[in-house]
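Only one chain is included here, represented as structure tokens and corresponding to the form predicted alone.
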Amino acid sequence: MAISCSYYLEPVDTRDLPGRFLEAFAAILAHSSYAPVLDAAARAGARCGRCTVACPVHQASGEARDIPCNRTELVLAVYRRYFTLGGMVRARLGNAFTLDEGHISRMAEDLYRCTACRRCKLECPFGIDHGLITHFGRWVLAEVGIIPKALRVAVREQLEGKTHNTSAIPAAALRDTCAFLEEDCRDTHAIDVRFPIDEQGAEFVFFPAVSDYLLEPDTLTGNAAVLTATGASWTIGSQYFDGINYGLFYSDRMLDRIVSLEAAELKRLGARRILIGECGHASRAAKAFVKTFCGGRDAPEVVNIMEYTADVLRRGLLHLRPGTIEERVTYHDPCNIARSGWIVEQPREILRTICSDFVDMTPKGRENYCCGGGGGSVSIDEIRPFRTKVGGAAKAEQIRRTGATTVVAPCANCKKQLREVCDDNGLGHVKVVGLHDLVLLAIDAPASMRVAAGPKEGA
């Protein structure tokens, strides 16, 4: 049986596929800390279905394969049969599950229907992290060449391409873009902002989602305006400037290599801290795994730009004009920064300051619904109808209930997904922006940043 899936760039080598899959499974168990996780889940054997009420994909599809514990069982069935004593004994008695290409093909499809939002963990009475087990299964699949083509292409360019970033932006183009943003900010907002590049000894090296340089200029300009207004010591590195880390979605081996590039750029520039822009998965990848792979207790601190902005606002170092944003605004919590409770209230503090009509979605914060494009699925354009009509159905209904005309989504992937969700679910009137897009409109810049107005036309 051939592996049939629209996600793959190259044909999958099916020669002895089950054998190679088991070899990869064994190697990852031997050289990582996943074994205790799988063993605990396999012993618990939780199939109560409590996770169904938490999963937005299953709520929309109604399909049994989208129940988180059923998806987890695809991986645990392999673990029990081939990596536990009981499974080996049952195999000798001739009454055991046997891994074949059909089972692998089913994993290839079903594991990528999950958005890896990890909302299901909140409901599991055993605390089983179905999202983590899904990630493990994806990693094993990746080691035998089964990877969605969008993820494979992006990571290949990041690690092996000439530009070393997922959008293939050359360093010269980065410099031109930053110079243009500085000029445009003077013309449009009458304030001077700086995008320093390759400055040695700065406190922060800034890593946004590199796609922001192409697609989200107001977000980046808002970031720079806050940093400039508060006298931050920061820089962008020209040798590596991409916060995106698609390894988080399918392979810890790739995840390690990518966060190591951030740490290396920090060291090259003699900086102390990593500053991540408005991107959920880029923030979580750096926050959780720079420490894991790049120095342990001695690893550099990771800060998200929203943490920075909230902190300087509280300390009176940043001044924003209250009530500047008059339309109704709501906030989407990116799963990668909200599910753990890391970044929940900080952006809301900022929005309540600058918005005269801010409303929250229900549920919110740690219990938020995924945008529907999590786990890397946002990059897989072949499944857009599934992403927006199934994965994003709960989020579309949340937005509709708020009556908001602006959704703040401080994440590059969430922005792309939510724009498509709104377009595909009758919410075309809703605008999706970054948090710092609105901060840029509300900032009360110090006199040192203000640009004198030129003479009026015809004067």
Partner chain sequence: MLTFKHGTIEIVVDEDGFMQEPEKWNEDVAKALATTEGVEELTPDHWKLVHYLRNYFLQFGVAPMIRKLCKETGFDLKKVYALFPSGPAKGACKVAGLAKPTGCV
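What you are looking at is a predicted structure, and each value in this text was computed from that prediction instead of being measured. Residue numbers count along the first chain shown, from 1.
Quick note: we don't show the form predicted together with its partner chain, though the next part is all about it.
- Checked against its partner chain in the predicted bound form, the candidates 79, 246, 206, 308 yield a single residue with a heavy atom inside 4.5 Å, and that residue is 246.
- 217 is the sole member of 217, 365, 196, 300 with a non-hydrogen atom lying within 4.5 angstroms of its partner chain in the predicted bound form.
- Contact annotation for residue 149: at least one heavy atom lies within 4.5 Å of its partner chain in the predicted bound form.
- Within 4.5 Å of some heavy atom of its partner chain in the predicted bound form lies at least one heavy atom of residue 172.
- Within 4.5 Å of some heavy atom of its partner chain in the predicted bound form lies at least one heavy atom of residue 177.
- Residue contact check for residue 105: none of its heavy atoms lie within 4.5 Å of its partner chain in the predicted bound form.
- Only one segment in the set 79-87, 291-299, 262-270, 161-169 has any non-hydrogen atom within 4.5 angstroms of its partner chain in the predicted bound form, and it is 161-169.
- For the candidate spot formed by 181, 212 and 381, every residue has a non-hydrogen atom within 4.5 angstroms of its partner chain in the predicted bound form.
- Using a 4.5 Å cut-off on any heavy atom, the residues of 140-161 that reach its partner chain in the predicted bound form are, in sequence order, 149, 153, 154.
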